[in-house]
Every structure is written in structure tokens, then in C-alpha cells.
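Consider the single chain below, provided in C-alpha cells and representing the form predicted alone.
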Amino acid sequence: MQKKNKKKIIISDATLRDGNHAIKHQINRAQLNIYCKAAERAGVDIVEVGHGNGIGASSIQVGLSNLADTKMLEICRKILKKTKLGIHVIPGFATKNDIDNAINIGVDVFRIASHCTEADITQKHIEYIRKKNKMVLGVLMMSHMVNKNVLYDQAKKMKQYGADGLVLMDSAGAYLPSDVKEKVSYLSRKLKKFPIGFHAHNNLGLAIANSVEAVNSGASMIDGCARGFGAGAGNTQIEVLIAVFNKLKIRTNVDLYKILDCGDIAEKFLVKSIPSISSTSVVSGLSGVFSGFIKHVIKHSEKHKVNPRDVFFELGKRNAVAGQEDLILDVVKNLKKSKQNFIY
């Protein structure tokens, strides 16, 4: 039975951040303009903007942005009035100068992210932003890799540092609804009056189901992207999410028709190819490997004539995480030497 939700669920739209992965971080001024206007009309609570890996991440290793972080944020800040402007921040990529620039531009929501066992690295960033009286959320990426007790210990740290809430990221699209229920309900019970959010990827075709389960388990913030525009198999498709929420009487501030328009606009002006669940995406989800690795895995696998599926399962055994893109080539070369792989 569907639980009755007393409070409206906050919807955070990552189309202009996670979606940037899907076009190699080449989003342009016109695309930022047209999508921000559409999201504002739709009543989206938060629009997240920037390089796919967050501010300060533009580099040869993970991809060079078409526009500088400050330029993207300035463009969107001029358009977004009721909708809050958010950014994704990974310590190590983002510097204090990046944070200060974002504050000066008028960013409303700072999401400070770490690997699911490394909350310690977020302390200085969360404390600094908290002192600036900005909304700051802790984010635990690749959260499928550890159990609920580890997540609770890491979330407690972020709360102690001053975070206003926590977002669990299923960065590899590896969760089943039962996983969501176990972890989100546990954190919601243990971390009283500490909002929990959920960010899904669609590698196993469960992003919508997992997002619904997150709400039923106590989450109050859900991420999505227009047309599922995001890394790998894409994210929770935001217009479908709102349609399903409406059907289930889960309340949000988002207008159904206008968020459907956002999907149409994204397809026409942003998306070169709509994210789909490829065979490689499925294996990425099964192996629990970051969705953003897919293009790199395919490129190196084709060059060295190894099976990309084997590469993903080996990366999974090595517990590879975002930022370890160099490990892909090492795995590919080792598989080639082993002569145990073949192309299906």
C-alpha cells in the first residue's frame, strides 16, 4: 500500500550537471538558457549546474568543459529566480577559490560529495560553506558498495560537520528496491530530522522504482534528469518520475505538463542520443562500477580487442571508483595478456 506523504518531496534536477557527462561536458550557453527557463516554469526546486564531475573538475583526465564553471553558473543565475541554483562539489577537484566564486555568483545549494567511505574529506568544505550560511548537503557516492551501518557512520560525520541533509548516490545503477528500502529507511530512522535524498542511475531499469521506494522509506529529496539525460544508461527520467509521483499522490512543487515540456526541450536541444540500457550498461550495474566509466571502457576495449563486459566485472572486483579512470587501461591490458577473454 502506498504511504501517504504529508510533506512535498524536493525535486533536484541534475540535467545540466549529470547530463553534461552524456555530451562530454560540452553544454553551451544556449542550452543552459533554454533549459533553465523550462525548469523554472515547471517549478523544479533545484537545478544543478556544472561539469559532470562537479565544479573544478574540468581536466584532460575526466574531460574538459566547453564553458568555465563561473560562466555556466552566471548564465543560470540570471534566469533562475524561484528555482534554487545548485552545484556538485568533490573535494580534490573543487578548491576554496571555486567555492568562493560560487558563493559570490549566488549559488544556493552546495552538495559536497565523497566516496561512501570517505566522508572525512568533506569536513572543511561543509564547515566552510555552513559558516557562509548557505545550504549544504553531504553526498555519499557509490553507496551500494557498503552496508547500512557504514553509511550511517559516514552520514553522522557529515551531520556533525554541519550538513543540512544527506544524499545517497547509486552511482553505478546497482541498487534493487530492497537495497533502497533497507538503507534509506535505516538512515531515516537513525538520523532524525536530517533529510535524506536519493540519486539513481538506470543501468538495471530500476531508477523510477528505486526513487519511489526511497520516498516510501523516508527520503524527502529525489534527483532526476530530463529524458534521463546522464552518464551511462542515464538517471531517473524526471518527467516520468513526476508522472508516477502524481499517480501515487506523492506531492511535489512540479507541474506535470511543464516538466513534460522539459523532457521535450532536452531531447530537441540537449541530447544527442537518448540514454538507453545497453548491454554494457547492464554489466556496469551488475558489477557495481561507476556509470561514467562506460565510454572509457568501450574505447579501450575496442582498441585492444577485449570484451568490455569482462573489463567491468574485473573493475568491480577491484572496487574501482570514479577518479580511477587510469585503472581501466591497466585492466584491459591485463585481460589481453591473459588471453581468457573473447568478444561475444
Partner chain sequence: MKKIRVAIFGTGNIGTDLLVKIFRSKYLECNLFSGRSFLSLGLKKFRAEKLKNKRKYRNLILSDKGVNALVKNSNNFDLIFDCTSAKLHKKNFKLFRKLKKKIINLTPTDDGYMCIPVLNLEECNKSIELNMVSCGAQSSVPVAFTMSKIFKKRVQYIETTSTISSKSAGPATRLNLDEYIYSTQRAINYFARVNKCKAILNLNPAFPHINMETTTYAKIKGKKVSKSELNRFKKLLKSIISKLRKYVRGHKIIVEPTLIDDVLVVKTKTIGAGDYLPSYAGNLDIINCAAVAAGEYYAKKK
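Positions refer to the first chain, counted from 1. Predicted model, so just to flag it, every value in this text is computed and none were measured.
FYI, the form predicted together with the partner chain isn't displayed, but the following is about it.
- Figure note: of the listed segments 257-265, 91-99, 169-177, 191-199, the one touching the partner chain in the model of the complex, with heavy atoms no more than 4.5 Å away, is 91-99.
- Listed residues H115, H144, K156, K148 were compared with the partner chain in the model of the complex; H115 is the one with a heavy atom within 4.5 Å.
- Taking a 4.5 Å heavy atom cutoff to the partner chain in the model of the complex, the contact residue among S217, S220, T252, Q123 is Q123.
- When contacts are judged by a 4.5 Å heavy atom cut-off, I10 does not count as touching the partner chain in the model of the complex.
- Contact annotation: A30 falls outside 4.5 Å of the partner chain in the model of the complex, judged by heavy atom distances.
- Taking the partner from the other structure, the partner chain in the model of the complex has a heavy atom within 4.5 Å of a heavy atom of R318.
- The closest non-hydrogen atom of Q61 lies within 4.5 Å of the partner chain in the model of the complex.
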